[in-house]
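As a starting point, one isolated chain is supplied in structure tokens, in the form predicted on its own.
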């Protein structure tokens, strides 16, 4: 067994034992629910001691089609790689049951319902977009099936209920760090903002950008909006250019983001462009080409890290997927490993046991760095601020 994984599972097992000890305390993530009241009965195992007769069914709902497929395709690769590695260890094995949410809440809801009612999964990973999660996660919450979001960054996701978790840093955690770094690097005084006003993720990202800019004393000279599916951003970008900003701050998904970068270059906008989490994909760099140079974006994963876990993950991913991983692949890979930690610590495929065991995860080593779940079931791990240089992401110094 990999050394980091062994240490992580031991840590979770010890914490779960403490959480379920004789004092009758509940798990940190349980928020006093009826399920949590039974946490003292949750079995805990040291690493390597757990064996389950049947594979643990993990529902996976990622965008394989639609505008977010650029993220969902690498997410699925990351999750499948982690499951393959877990299954090779033996003792506990995992069956991934994959559904396509098509980047659409209307398709995500029946996908969740199928996984819960027909497939009877123990936990669901996904969906890809926050906009979809706001519609699908209540289905799992009502059914008492835990969800681990691995790319949902909008505010309010985990407030849906005590079965909802995420290992993806929120925009509220990453954007302030991004703006602070950009202000220091480019001496920003005023900016223009541009965002999609019909998507929960892009709206939440824009609101967080505005708050962070205000905190740093940066004025917003103009605010422009667009809708998903728009392809002509010339009016908004022209208005932004005419405001003479020091930077353009954009909250957009990949499909619109690449076009915005290309059209901004065509209009002669030569100030830095600061993007939200939707810009965290090498596919955008490929699509936008030279127009992506200089883009600044906060990230939950540093592909240039010298951490051995990152190097091993990149090597394994490239061999399995015939391409380089992005942040979304890393988050899905880490997410599957976190699920395995919880399952093997509880030594159970029961949804309540897994939910309670997730609450014991703190200070474990993952490809995202040292990871913990907060009391509100959000992620806590290091973030970085990146800039596109020579066609790839580098750390903004």
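The model shown is predicted, which means the values in this text are computed figures rather than measured ones. Residue numbers count along the first chain shown, from 1.
Missing here is the form predicted in complex with ligand 1QQ; even so, the following discussion is about that form.
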Distance check, residue 124 to ligand 1QQ in the model of the complex, heavy atom within 4.5 Å: no
Are any of the heavy atoms in residue 201 no more than 4.5 Å from a heavy atom of ligand 1QQ in the model of the complex? yes
Might residue 278 be said to contact ligand 1QQ in the model of the complex, defining contact as any heavy atom within 4.5 Å? yes
Is residue 154 one of the residues lying within 4.5 Å of ligand 1QQ in the model of the complex, judged by heavy atom distances? yes
For a quick test of understanding: in the model of the complex, does each of 71, 129 and 328 have a heavy atom within 4.5 Å of ligand 1QQ? yes
Which single stretch, out of 146-154, 263-271, 93-101, 210-218, brings residue heavy atoms within 4.5 Å of ligand 1QQ in the model of the complex? 146-154
With the partner omitted here, the residue among 297, 115, 240, 253 that in the model of the complex has a heavy atom within 4.5 Å of ligand 1QQ is 253
Using a 4.5 Å heavy atom cutoff, which residues in 208-225 contact ligand 1QQ in the model of the complex? It's fine if the answer is none. none
